[in-house]
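Just one chain follows, in the form predicted alone, and it is written as structure tokens.
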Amino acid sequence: MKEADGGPIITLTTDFGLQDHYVGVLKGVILGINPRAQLVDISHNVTSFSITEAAFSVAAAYPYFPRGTIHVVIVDPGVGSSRRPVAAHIKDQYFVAPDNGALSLVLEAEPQAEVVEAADRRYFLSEVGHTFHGRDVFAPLAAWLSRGIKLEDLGSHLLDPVKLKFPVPEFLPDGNLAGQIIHIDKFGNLISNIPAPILQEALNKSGKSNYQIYLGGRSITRIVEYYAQGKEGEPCVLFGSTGRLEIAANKAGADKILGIGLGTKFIVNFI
């Protein structure tokens, strides 16, 4: 594994928050095995137990890291159960996570991924408890990968990693497009499952030149390129940094304005 200059990069995505000692312990374990590791926090504020949110976060982040980066994803409501620990080699980067769907979007984007069940206990801590596998299993696995251990040394190849079904855009019989909110960020921006190419394809098929969004009983017609183009406190539509259609509001939370939560469905109406 070719590491980045200055030492191998290991990222952390968890639902641990920063109030307790958990994140610090992860870092201590990693640095105890590889003091040269560069640790990067993607997020520790994933909603508790939300595997789908963790999957979204790591999928949005990993393309911007250099070759050889190791991503640790720990949202693990099944900790201590029979769920498997997995490690994966995906597009010249590595991923370590519980086999609960946390890598679903990454695996979907990179179908040639190599995945193993990381079951070789030589690469765990010497004592493995039942409640903190982030410390005892996943942090050590990532650290040993950063030391040059090969993926296949961690365990046997896995052909059936858990993949959660994320909603996909739906082309409707009337020519319109149905979408769904799959993520709400800290600013209250409603991020959908519609990437720009899909919307453009639907727009081309419709033969129309514009569109509007029907969401939460409202029609949203203002389409902008960046947040400040919208009127303060008024919902607008744009494509954000993830390349997906978003409903946002300038200097306000669109989620609160519209009373919208995760999973809300909406219609893109071509006009």
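So that there is no doubt, residue numbering starts at 1 and follows the sequence shown. Note that this is a predicted model, so its numbers are computed, not measured.
One more form of this protein exists, namely the form predicted together with another copy of the chain; it is left out here, but the text below deals with it.
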Interface check vs another copy of the chain in the predicted bound form: of T47, T221, N210, N204, the one with a heavy atom inside 4.5 Å is T47
Looking at the partner-bound form in the predicted bound form, is G148 within 4.5 Å of another copy of the chain by any heavy atom? no
Answer for G217 alone: is it within 4.5 Å of another copy of the chain in the predicted bound form, judged on heavy atom distances? no
At the 4.5 Å heavy atom threshold, is K231 in contact with another copy of the chain in the predicted bound form? no
Would F132 sit within 4.5 Å of another copy of the chain in the predicted bound form, counting heavy atoms only? yes
Would you point out which of 92-100, 115-123, 151-159, 181-189 contains residues with a non-hydrogen atom within 4.5 Å of another copy of the chain in the predicted bound form? 181-189
Heavy atom within 4.5 Å of another copy of the chain in the predicted bound form - qualifying residues of 74-88: P77, G78, V79, G80, S81
